[in-house]
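Consider the single chain below, provided in structure tokens and representing the form predicted on its own.
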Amino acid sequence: MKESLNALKELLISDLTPRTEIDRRIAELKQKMASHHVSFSIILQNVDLLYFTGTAQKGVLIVPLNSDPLFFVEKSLDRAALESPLEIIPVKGDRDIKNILVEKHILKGKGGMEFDVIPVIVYERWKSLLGADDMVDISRLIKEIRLVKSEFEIEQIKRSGKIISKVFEKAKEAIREDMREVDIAAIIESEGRIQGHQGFLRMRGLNQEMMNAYITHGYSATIHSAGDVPISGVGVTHAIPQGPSVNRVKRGIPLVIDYGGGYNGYITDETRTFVVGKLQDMFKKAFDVTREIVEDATEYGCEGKNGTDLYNRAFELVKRAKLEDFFMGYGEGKVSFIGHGLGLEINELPVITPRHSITLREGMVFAYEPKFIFPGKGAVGIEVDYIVRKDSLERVTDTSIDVVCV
């Protein structure tokens, strides 16, 4: 086993999740379960499995309130055993799991499942299989546990941020007048992989899909999409209606690069504005407001501050500039947030909106993205990632937020 583990580690560029992390996370889940009178939890979704077991292999984690967790694995047993510090129980199917749970007298009381991501057919199958009529949603409990990051997680996030920094450096070298958005995407995505990017991003929820590179320019940055994002791009096909298109770069028009880093499962998400030549006055005025918003948040934010205050302070600056109609989208494309949590998924808590009160706590990580979209003309924006500290908001990357002129 030790030789196999060493051989696996030689092929990976990231660290496995320490036993102390897994034990702490499961202990926190049990505390949440006890406060909500949940007797056992069934964890099925890949990201939650990764978080609580240290591996994303095909399996099921059962967490009883009053006994040790049971990690059942179908495939790959060898890799799960190498990656997870938990004891692996080999199974061929769900019925094997039921028999073991019945034998251990675990199927008593209220059960919990991730209702926000589990299809109804899967829920009904498990409820029927286990004979458990009293099942409740534990997805909110899991999101709350994942809300505050440990030092191990923050280290992974910082490494993810380093990939972003390298990608933005490459973008400055690569962007030229008349290039297509997709050509720029090909160059920076390649650079990301060279720097250790994991290859894709995870996003929680039905029909939630996310690319790791959004390059939009002029008109293409103003097209609405079904996604809950201010700038989605057109894409190259109606089948995947987002991302870079064949639109070509023109002088004086902003090109917005929204790039998601990914390292060891952990996602970062930052945006910079580029331009060939010099920004037109309309875009420069809006960009100056976005920079002012970011600088204000950096100075104001820290543990104990409320997310609604961050949003309201930003919106006051927007109103002062008389740009409300274009802030975070326009018309049906306008979104209601200015920030979103980051972690193993790109849409975690906290969400920074004017309506949802949330007190910032040390260890929270979120992306803050003031953007302006002008119908038919183009968009500008900045997005920076913050780690909440007791007395400040710590930037994940150290790249400049200024417009990048090429």
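Quick note: we count residues from 1 along the sequence shown, nothing fancier. Everything numeric here is computed off the predicted structure, so don't read it as measured data.
If you look for the form predicted together with another copy of the chain, you will not find it shown, but the lines that follow are about it.
Another copy of the chain in the predicted bound form is not approached by residue 347, whose heavy atoms all lie more than 4.5 angstroms from it. Within this chain, residue 197 lines the site of another copy of the chain in the predicted bound form, having a heavy atom no more than 4.5 Å away. For residue 102, no non-hydrogen atom is located within 4.5 Å of another copy of the chain in the predicted bound form, even though that partner is not displayed. Contact check for residue 237: a heavy atom falls within 4.5 Å of another copy of the chain in the predicted bound form. Contact check at 4.5 Å (heavy atoms) against another copy of the chain in the predicted bound form: none of 72, 98 and 354 pass. The listed set 297, 289, 175, 210 contains one residue whose heavy atoms approach another copy of the chain in the predicted bound form to within 4.5 Å, identified as 210. With the partner removed from view, the residue among 79, 285, 166, 313 that has a non-hydrogen atom within 4.5 Å of another copy of the chain in the predicted bound form turns out to be 79. Checking 270-278, 237-245, 304-312, 167-175 against another copy of the chain in the predicted bound form, the stretch whose residues place heavy atoms within 4.5 Å of it is 237-245. With contact defined as any non-hydrogen atom lying within 4.5 angstroms of another copy of the chain in the predicted bound form, the stretch 282-299 contains no contacting residue.
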